[in-house]
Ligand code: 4SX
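Below, in structure tokens: the form predicted alone, a single chain.
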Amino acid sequence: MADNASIPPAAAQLPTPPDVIRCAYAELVVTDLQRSRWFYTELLGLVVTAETEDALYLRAFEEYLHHSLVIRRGPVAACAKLAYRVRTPRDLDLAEEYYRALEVPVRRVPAGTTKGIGEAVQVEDPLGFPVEFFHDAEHVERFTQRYDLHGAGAISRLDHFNVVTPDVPAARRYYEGLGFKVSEDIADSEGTVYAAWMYRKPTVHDVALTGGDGPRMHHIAFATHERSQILHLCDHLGAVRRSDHIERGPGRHGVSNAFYLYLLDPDGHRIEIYTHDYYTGDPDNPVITWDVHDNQRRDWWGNPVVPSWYANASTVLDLDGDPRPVVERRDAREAEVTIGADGFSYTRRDEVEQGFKVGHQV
């Protein structure tokens, strides 16, 4: 467990948290399953593990667990679940005890409640997100060497979630209490933290915390091995006259160093395709802190970011399937500098000090 400086209030009295391995799957509600099927299977090339009249269970080529994404038909597009795998079945007991001590809604659900997933603990976490913890899952064929099936834009695996929350420091303390570490963050000279990238597996992140009105889901991300696979997806969309699914990119992030592309599915859920971040598995992996006025934190090449990427995000549901109310971010200083994830302005520190309006485009 983390030390007292990095855990939530009263966490010294909390039970031992579950041992989270990694982000494992997401469940999205879509309004038209056939339109979404085209996007996720024909365009992205995800493998259909199973399907019902109302849902598709999908995985990427290197994944051997039953699925890493569920898309389910429903009346309102939303994020219904973010799921983490835990190390042992005993960790389900720890998860139940931990979240009951946090006094948030908790459900223990039997195996098969979600197709292909064993017994699980579902919670509305302290940030307001619907989260599931599981260990057992059905194993299926791993298509790592089925190159005859991959296609030029092959996606390898689920990489991370990105969530929008009005209080990033509190969210960071909560995830540190779960044993997550920070790889990178964004702050100003007065110590205000605007975003944090946090991990359990040895990559830059399993979850990113971005400041804004929330709880909302900003995006889920899948990894490829090569930049050329991301570029192929862009060419594919152009060839079928669907390039309006591209919201941002391709480009290279400053934070994480990853090559990226952001797509919008038919319901507006944001999907990132992501490659070339770095290893974080050593215990003394250093935290990289970016100044909020650093031009290159969002895009290493300095390309402007479309306003929708900051303003829009997916509704999240509670455990009963109802949309969660959104809490506005109230930090006035933060609102002056950023809109949404990690800053809308393309500014330099010296310009701000000379009295330029923050948000001035150069």
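Not measured: the values here are computed from a predicted model. In case it trips you up, residue 1 is the first one in the sequence shown, and so on.
The next section is about a form of this same protein that is not shown, the form predicted together with the ligand.
Colleague: Choose one stretch from 50 to 58, 317 to 325, 292 to 300, 35 to 43: the one whose residues place a heavy atom within 4.5 angstroms of the ligand in the model of the complex.
Modeller: Checking each option against the 4.5 Å cut-off leaves 292 to 300.
Colleague: Out of Leu158, Val163, Ile186, Ala171, which one falls within 4.5 Å of the ligand in the model of the complex, going by heavy atoms?
Modeller: Going through each option in turn, the one that passes is Ile186.
Colleague: Please tell me which of Tyr99, Tyr199, Tyr262, Tyr194 lies within 4.5 Å of the ligand in the model of the complex, judged by heavy atoms.
Modeller: Result of the distance check: Tyr262.
Colleague: At 4.5 angstroms, heavy atoms only, are His205, Arg248 and Trp309 all close to the ligand in the model of the complex?
Modeller: Contact check passed for all of His205, Arg248 and Trp309.
Colleague: In the model of the complex, is there a heavy atom of the ligand that lies within 4.5 Å of any heavy atom of His269, even though the partner is absent here?
Modeller: His269 lies outside the contact set for the ligand.
Colleague: How about Val255: is it within 4.5 Å of the ligand in the model of the complex, going by heavy atoms?
Modeller: Val255: yes, in contact with the ligand in the model of the complex.
Colleague: Any of the heavy atoms of His135 lying within 4.5 Å of the ligand in the model of the complex?
Modeller: His135 lies outside the contact set for the ligand.
Colleague: Is there a heavy atom of His219 lying 4.5 Å or less from a heavy atom of the ligand in the model of the complex?
Modeller: Yes - in the model of the complex, heavy atoms of His219 and the ligand come within 4.5 Å of each other.
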